[in-house]
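Both blocks below hold the same protein chain, though in two forms, and each is given as structure tokens: structure 1 and structure 2.
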Structure 1
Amino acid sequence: MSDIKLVNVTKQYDGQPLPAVDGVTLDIAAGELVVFVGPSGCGKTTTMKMINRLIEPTSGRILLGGTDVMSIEPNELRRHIGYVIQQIGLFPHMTISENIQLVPGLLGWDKTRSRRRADELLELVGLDPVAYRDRYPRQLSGGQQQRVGVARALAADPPVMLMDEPFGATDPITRERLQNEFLRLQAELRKTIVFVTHDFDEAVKLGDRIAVLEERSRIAQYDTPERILATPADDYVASFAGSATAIKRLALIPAERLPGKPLNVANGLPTLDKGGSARDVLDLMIRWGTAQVAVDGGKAVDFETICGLLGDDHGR
């Protein structure tokens, strides 16, 4: 329904020798979170902004739920696509609540309904409505502002969200927390999301699929994080994926899904907290110098299990 199709989309800025986006074709399924990842200036933002017509493509077609976006009135289109810009862009003269109520207001919701919605969304992104709704953006920290930016984009419950480095300007710890909360949200909301970042690890962590982009937004590989890590299409993707890709793949495997032996209660093994991954299991083993780790839920995971997880491609 709210799937996105880019068909041979090209954007040539006036006065530039080469197109910024060159013949991109890409399918994004409804409810899927696709991450565009690539170096600065490769055309991620340009590609994304063509979806909500902030930038008009020079050629090619973009279909949203089967409808060509060029046939939809731009403002109407944008009111139904959540948009988080690279620089957050909260309006400084409006309170947090007013910022979030903006799109519902444009859509003609009544005041009480949009006010209630704003509170609900603040709650959802982990900010206490009573404490934050009447504050102004400058009275919030950078990380809190980014949460509000996400809440504002979610306000009218759009089926599609475009997010341009929404967690760009935060420290690693805050960033990780925002990512975790965002994943939890998305598991619940199942929006169709285009997420732009130049942080490959973030892409691996968040994406259902990742589009690794080269210059002019050409797609070097478009696949799941697991497969991009396991079988990078070429040297460019491999260099982007960086080193220790096997370890990064382990991070994608939840510890709960690991096969294990029933746990003997009194054995004093190091225990992994709930929500950890196979990588955390390995980390505990190395830290404690043990070949077995207890995983929440009452099982013991062996070192051999971890070693065998990545199947038969260890020759690479």
Structure 2
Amino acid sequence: MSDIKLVNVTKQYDGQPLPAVDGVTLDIAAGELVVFVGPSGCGKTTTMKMINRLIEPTSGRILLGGTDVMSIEPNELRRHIGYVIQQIGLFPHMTISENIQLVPGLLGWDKTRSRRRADELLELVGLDPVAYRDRYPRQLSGGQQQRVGVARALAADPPVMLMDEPFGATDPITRERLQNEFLRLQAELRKTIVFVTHDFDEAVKLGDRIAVLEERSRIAQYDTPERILATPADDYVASFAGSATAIKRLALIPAERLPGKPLNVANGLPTLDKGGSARDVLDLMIRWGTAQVAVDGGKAVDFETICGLLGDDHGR
């Protein structure tokens, strides 16, 4: 795993009076998922793209595992950093397996190893290799294509991943499923991840820490989701957190930790699979108009339990 350090990083475009990114300093620990959140045009994507040199910094230093990225040839650097974007970017004339094998092929892996790795990753992201490896992107749904995009980014087992609004083009239900699947993957793989979004709820759900960015990527607050929700640094951060902070804090509580009555079967209750949060439980209750939800089929969590959490300003 590799940590990431940004030291006074600036991007100044020719002909522009102000820098697009102005002196960002940030430490990201190895294995940590850090979310950049901020309004459109604040520089969060520009900052992320300087890490893999898709955009060259004007000044400052970016270190991956202690090595300055400017000392690494750009294409070589990018082969060791997974990159996932909203538009996915799968090649339409290539099969799903061939898309996933792209980077291993560039790194000189033999075909047998590359194919085996593609099958492993399809299983990892919840797609049956036998059913999907020989399909083409047009034969997959948007959510399935997004899973393949994540699999492709993981193909060469990069220590670092950059993700730019990766779930933004999907419908709300698909987006929630992808987020849950991604949290499951990260718990297993522990990659160092920089994740860009404009959606604060998504940042709270996914991030170990959140960097709330203002204009020109100036950092308004860099902290855990819990601390940002409980003690926003200023009115700007508070405006991002919104008024329903108690509801947002539910997203930080794993559903599996909630107390509930044991169930042998779901008994017709809506069911939340592993990886969800107390917020997901509440969402299911509202969607189905029920006072109970089965969590992983093993216990029934009731509405009073969720109400108790909403009244707790301190518990996770």
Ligand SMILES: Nc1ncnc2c1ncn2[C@@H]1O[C@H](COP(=O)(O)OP(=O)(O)OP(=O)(O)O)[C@@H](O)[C@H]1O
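Residues are numbered by position in structure 1's sequence, first residue being 1. Just so we're on the same page, rigid core means the largest C-alpha set that superposes within 1.5 Å between forms. Remember, predicted model here, so these are calculated numbers, not experimental data.
**Q** Between the two chains shown, which is the form predicted alone?
**A** Pick structure 2; the other is not the form predicted alone.
**Q** When the two forms are laid on each other by their rigid core, does Thr305 show a Cα shift of 2 Å or more between the two structures?
**A** Yes, Thr305 moves 2 Å or more.
**Q** Once you line up the core, how about Gly289: does its CA shift reach 2 Å between the two structures?
**A** Where the cores coincide, Gly289 still shows a C-alpha shift between the two structures that is 2 Å or more.
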